[in-house]
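The data below hold one chain only, encoded as structure tokens and taken in the form predicted on its own.
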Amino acid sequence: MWIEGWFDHIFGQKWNPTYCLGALGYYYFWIVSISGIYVYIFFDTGIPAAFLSVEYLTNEQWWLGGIMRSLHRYASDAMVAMMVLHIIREFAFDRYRGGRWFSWITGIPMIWLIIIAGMTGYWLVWDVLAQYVGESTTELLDWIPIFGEPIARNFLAPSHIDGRFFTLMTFTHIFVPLFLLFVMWIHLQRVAHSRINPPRGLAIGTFIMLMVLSLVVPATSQGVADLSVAPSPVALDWFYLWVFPLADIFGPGMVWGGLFIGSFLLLITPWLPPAKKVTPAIVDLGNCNGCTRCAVDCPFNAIAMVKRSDGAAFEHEAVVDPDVCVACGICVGSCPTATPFRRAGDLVPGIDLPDLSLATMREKVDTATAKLEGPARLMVFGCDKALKVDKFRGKDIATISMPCAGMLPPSFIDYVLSKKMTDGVVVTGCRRGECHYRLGQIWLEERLDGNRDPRLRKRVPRDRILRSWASATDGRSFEKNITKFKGDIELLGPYGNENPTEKDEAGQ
């Protein structure tokens, strides 16, 4: 979080690459695909036709074919880098357990597919590096007793390799990425509103960076392969070919053991240990009108709309999948019946969290604000996954924390201000673009801006609301923002005729 905060200063929150690692990986996949199609048009099979066709692109058609070859190489490396960083980041932020295990598990085969696609691509160049990759790969495969005869014998003499070999490699190199694309689609099936495209500025910037790299350090071959000579030395692409030096040092058995044990550990990581059991959201049919807002806003597709079962006049009802629900509460914030103004009967919305019900939230707000005093009384609504707001509690500041800021119905802000419980409201949560539950912060911002239901009423004075998004490492900046906001509230004086201009930490 501290490192990403510095990236915010450098790139801005909108273009911070660490918030878009998965999207950047997808973006580089398409660059690899498009550049690969162009290279394939000019590629020829056979010996030495394969090597010569790639050399033609690199040297004779350097102004386009050479650039496409280099883009193909560097975008492939970038895709591996984004994949590794994405895995590390999801693990570091504990976003792989509980209801998120499916995305983690389906990501493991993608690692193997990307590496296999890269390795087969290096075979096709048929230079010294391709020879080294081919010999090393077949030696690794021969260790597994699945072939009748050692396939490494195919590299003992030039006469053993012909055009059929390159046809097979070309087919593999094309089929594996196509299958990878299918697995990518599966990978996102439990992720609602998935963002598979990075921000336009970031996409353009990284593409220019790859273009400059392709022009300054173009990808080149390492001399035509010669099976009568040992392929040494070679310059490796360490993003893809790191396994072969390990095999040279430790032997094929150790490498296969490490690869399978590593993959197995990654597969069971979501249960080492398992996530703390959460109580899923519950639906109250007496207050559910089948509006679909909770299902649309759920970040993990944990809510489905099905045919009504209680005979009510409404067409649908919401059903929560307890195995997928992460108890973020975003659905509560989307429910039109989730309003603290209700006094007739119990406060039971159409969908609620048993561990922090809406009635409990209202009770906590009532109790906390009743003790406030001073000229600038503030109510701070916080997020359990972001900056801990309880340490800012004082005689003039009340706090309440929720599983996600997106759980906050806008009517709660209206409630505390219109009832004159406080003089101002502070809404905080994960950094912009960094919501632990992906969409809670975005949906809340849109509700406060009046762009998403349920909307904050126009009567609510916007200059008495501060949005200050802060992670666990942003305590100092949050304290500055809240101190300045208190001064602004004091200048406004008692609740009355307000200028409907909302402020945030940027003064906008």
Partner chain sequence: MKQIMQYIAQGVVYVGFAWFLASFAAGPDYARIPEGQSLIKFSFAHSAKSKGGCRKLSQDELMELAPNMRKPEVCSRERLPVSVKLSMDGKVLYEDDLQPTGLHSDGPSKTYQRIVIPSGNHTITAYLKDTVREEGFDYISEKQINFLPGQSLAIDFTRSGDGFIFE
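Numbering follows the first chain given and starts at 1. All values reported here derive from a predicted model rather than from experimental measurement.
If you look for the form predicted together with the partner chain, you will not find it shown, but the lines that follow are about it.
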query: I10, heavy atom within 4.5 angstroms of the partner chain in the predicted complex; finding: yes
query: The partner chain contact at L156 in the predicted complex, heavy atom, 4.5 Å; finding: yes
query: Non-hydrogen atom contact A230 with the partner chain in the predicted complex at 4.5 angstroms; finding: yes
query: Distance check, F260 to the partner chain in the predicted complex, heavy atom within 4.5 Å; finding: no
query: Partner-proximal stretch of 264 to 272, 434 to 442, 339 to 347, 74 to 82 relative to the partner chain in the predicted complex, 4.5 angstroms, heavy atom; finding: 74 to 82
query: Heavy atom of each of V128, T170 and R195 within 4.5 Å of the partner chain in the predicted complex; finding: no
query: In the predicted complex, the one of D396, E317, E90, E139 near the partner chain [non-hydrogen atom within 4.5 angstroms]; finding: E139
query: Single option in P245, G223, G253, P322 placed near the partner chain in the predicted complex, where near means a heavy atom within 4.5 Å; finding: P245
query: Residues of 235 to 249 having any heavy atom within 4.5 Å of the partner chain in the predicted complex, listed in sequence order; finding: A235, L236, D237, W238, F239, P245, D248
